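The data below hold one chain only, encoded as structure tokens and taken in the form predicted alone.
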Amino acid sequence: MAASDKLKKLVDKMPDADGANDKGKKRRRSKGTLTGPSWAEAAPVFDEILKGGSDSIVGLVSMLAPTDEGKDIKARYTLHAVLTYACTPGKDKQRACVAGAIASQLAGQSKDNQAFLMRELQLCADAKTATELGKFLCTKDLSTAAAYALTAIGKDALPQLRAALPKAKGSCRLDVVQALSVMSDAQSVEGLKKAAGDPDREVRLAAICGLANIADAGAVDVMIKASDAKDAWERIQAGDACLELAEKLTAAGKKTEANKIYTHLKQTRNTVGESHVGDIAAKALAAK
């Protein structure tokens, strides 16, 4: 949907980039930045745009150039500002409207604009927009923005992340594993245990961090195996994750599983540079 003339006039009320029309004048700010209006000045404009509902938001999206080179700075600024304004207290309906409208326009946009719109959705996305975002979890160069927005939504976005885990490859898989790990999704334990053996080191590390966060006793053997990595950095990170898991299992009363981790670390961390981990494990065992 193309922007209406009314919407274009509202957008045009936003200022140009600083220095855009001041040839020969001393610039106080670097070219390309923008000093926006005060909320008192901008609020009436944003209210008028929001009155147009989803049509106004779709119209703003249609004003975006395929690449962000500064030519559409007013449209980008207005979209972001209206979204931010709709996220203020008392505007739940407007926020949902903006989120839904932006999500509806993701398909068919350039990758630059898809990433931009998903970054905007981090501020306002909800359960209703999670499905649209989930479609991009296996798309290279877009999975990061999609995963961030879904993480911001929270537990309502977990179905999309869980569904993507077995399908995602490469950097997309890393993004999905990291999101599930940060969200400590207990239902993803089996998938994360599998990811702990992934060929990609970063995926493995994200997975074991997630297993430590979730503190599932069934992950002990996987974590112990991960702690024996040959790569020095991975070994350090896996050892720390094992300590975290053991501490959480101890606090949950699962001392047998915790002791299994501590015993392994005590036996394997006794060389220079690692002995402190062995000492921590030994003290934990002695305290039981």
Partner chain sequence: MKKSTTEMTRRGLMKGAAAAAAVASVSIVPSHVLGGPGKPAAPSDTFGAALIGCGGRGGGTFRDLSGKHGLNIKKLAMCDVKYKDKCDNKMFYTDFRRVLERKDIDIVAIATPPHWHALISIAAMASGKDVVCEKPMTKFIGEGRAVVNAAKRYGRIFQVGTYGRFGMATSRGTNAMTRKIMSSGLLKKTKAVYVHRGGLKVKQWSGSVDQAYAEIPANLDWDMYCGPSPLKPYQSRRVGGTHRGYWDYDSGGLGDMGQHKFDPINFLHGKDNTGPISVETHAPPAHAEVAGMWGWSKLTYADGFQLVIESGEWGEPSGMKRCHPTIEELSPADQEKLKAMPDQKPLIGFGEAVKTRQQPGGHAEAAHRTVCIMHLTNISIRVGRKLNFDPVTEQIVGDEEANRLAYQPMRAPWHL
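Being a predicted model, the structure only gives us computed values, none of them experimental. Numbering follows the first chain given and starts at 1. The term rigid core refers to the most C-alpha atoms you can superpose between the two forms while keeping them within 1.5 Å.
Same protein, other form: the form predicted in complex with the partner chain, not shown, and the subject of what follows.
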Checklist line | Heavy atom of each of 17, 201 and 240 within 4.5 Å of the partner chain in the model of the complex | finding: yes
Check: Do residue 162 and the partner chain share at least one heavy atom pair within 4.5 Å in the model of the complex?
Finding: no
Notebook entry, point to check: So in the model of the complex, does any heavy atom of residue 232 sit within 4.5 Å of the partner chain?
Noted result: yes
Next item on the list: Indicate whether residue 224 is a 4.5 Å heavy atom neighbour of the partner chain in the model of the complex.
Entry: no
Note to self: I'd like to check something about residue 105: if you look in the model of the complex, is any of its heavy atoms closer than or equal to 4.5 Å to a heavy atom of the partner chain?
What the structure shows: no
Check: When the partner chain is placed as it is in the model of the complex, which of 70-78, 214-222, 188-196, 162-170 ends up with heavy atoms within 4.5 Å of it?
Finding: 70-78
Notebook entry, point to check: Of the options 137, 183, 101, 209, which one has a non-hydrogen atom that comes within 4.5 Å of the partner chain in the model of the complex?
Noted result: 209
Checklist line | Contacts with the partner chain in the model of the complex - residues in 92-119 whose heavy atoms fall within 4.5 Å | finding: 95, 112, 116, 119
Margin query: Relative to the superposed rigid core, does residue 7 relocate between the shown form and the other one - that is, does its Cα move 2 Å or more?
Written below: no
